[in-house]
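A single chain, nothing else alongside it, follows as structure tokens in the form predicted on its own.
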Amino acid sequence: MISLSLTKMHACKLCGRMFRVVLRSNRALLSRFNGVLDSTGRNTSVRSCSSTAYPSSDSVNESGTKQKKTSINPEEVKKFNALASKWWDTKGELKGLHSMNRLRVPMIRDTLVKHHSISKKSRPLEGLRILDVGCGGGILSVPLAKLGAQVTGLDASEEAVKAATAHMARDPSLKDTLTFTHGTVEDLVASEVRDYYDALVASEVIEHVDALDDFVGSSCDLVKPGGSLFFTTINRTTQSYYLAVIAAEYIVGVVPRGTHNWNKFVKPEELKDELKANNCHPRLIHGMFYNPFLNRWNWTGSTEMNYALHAIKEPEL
């Protein structure tokens, strides 16, 4: 059954008439998924560890061996390993990430320029160290490096890192400003020689992690006092369920089926609370809207679907 909220959404920006026709022909498909959406309350059991996920904190297995702490689910890694050959297909399944650069790159650049009082114009991020967590094939890492930043792309998918490295090799201008590493934020925090960054970016990542608190805590640990954290993600709302999961994956085919789990989407208030618990203070939050028919992102006053958030780590006294 199609809910009233879905009918209301047809009257908004997303090409209402075309969308209504498709949804009416897919009532059986929608009814299969409606059981997931009992309410818009957070299903915390999804974010706690399941039998298929790595532990979200250090634990001991049956053999007595201490297991590595990580917020990453191996099933999520498999999904992105399978996308290795598609990261740089600007017209393929990941084209939405490429077009998102139109919003997120200027947001990161302009925020850092203002925060660090930078006056350079050609390479405004020169001298800043940025960690791009969940970098995938480097879609965001590359333009940030071209703005002069020393960028480290980090991803739990080894295949994604290989794809990113191969693409980088085609552009000699990136060899001194961009590196890619296979691993997790927990790995970096646990390393004997820990690096600290002027900024950390986790764009379209936190909706894929198992333990939000561990992931955000480790991310904050890697940022210098006074440094910045940038997130883009999907809000957990009725609207996002029907558009980001049902429509995007099963009807329009904007992203591969199974890419998202609605229960893992993060409300802005939840992310803000995790950041504040780690002495990081949200400074900006802005809604984002994607039109898949035009492959175009725009800023919006509503955070009901996607949103971007910028936070500052508390400076040392």
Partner chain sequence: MSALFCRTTVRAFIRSTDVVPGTRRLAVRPLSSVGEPQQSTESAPPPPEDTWEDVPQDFYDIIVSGGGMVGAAMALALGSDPVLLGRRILMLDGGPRRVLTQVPDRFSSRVCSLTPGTVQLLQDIGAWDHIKNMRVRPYKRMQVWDACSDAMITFDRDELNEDIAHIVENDVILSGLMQQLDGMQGLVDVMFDTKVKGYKLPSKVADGEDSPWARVILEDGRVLDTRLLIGADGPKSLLRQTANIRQLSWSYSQAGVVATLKLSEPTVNNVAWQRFLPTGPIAMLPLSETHSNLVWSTTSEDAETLLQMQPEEFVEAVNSAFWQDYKREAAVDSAVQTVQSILSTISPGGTSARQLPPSVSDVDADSRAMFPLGLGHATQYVKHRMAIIGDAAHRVHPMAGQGVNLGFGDVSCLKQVVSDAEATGEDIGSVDRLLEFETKRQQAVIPMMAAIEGLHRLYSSDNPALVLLRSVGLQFTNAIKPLKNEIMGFASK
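The structure displayed is predicted, hence computed values, not measured ones. Positions refer to the first chain, counted from 1.
Missing here is the form predicted together with the partner chain; even so, the following discussion is about that form.
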Contact with the partner chain in the predicted bound form for Asp89, defined as at least one heavy atom pair within 4.5 Å: yes or no? yes
State yes or no: in the predicted bound form, is some non-hydrogen atom of Asp195 no more than 4.5 angstroms from a non-hydrogen atom of the partner chain? no
Is Glu158 close to the partner chain in the predicted bound form, meaning a heavy atom pair under 4.5 Å apart or at it? no
Quick check on Asn81: any heavy atom within 4.5 Å of the partner chain in the predicted bound form? yes
Testing 175-183, 206-214, 228-236, 90-98 against the partner chain in the predicted bound form with a 4.5 Å heavy atom criterion leaves exactly one stretch, namely 90-98
Given that the partner chain is left out here, which of Lys224, His116, Arg109, Lys162 has a heavy atom within 4.5 Å of it in the predicted bound form? Arg109
Could you list which residues of 110-137 come within 4.5 Å of the partner chain in the predicted bound form, counting heavy atoms only? Lys121, Ser122, Arg123
Glu158 and Ala84: do their C-alpha atoms lie closer or farther in the predicted bound form than in the form you see, with a change of 3 Å or more? farther
With a C-alpha distance change of 3 Å or more, do Ser218 and Leu83 lie closer or farther in the predicted bound form? farther
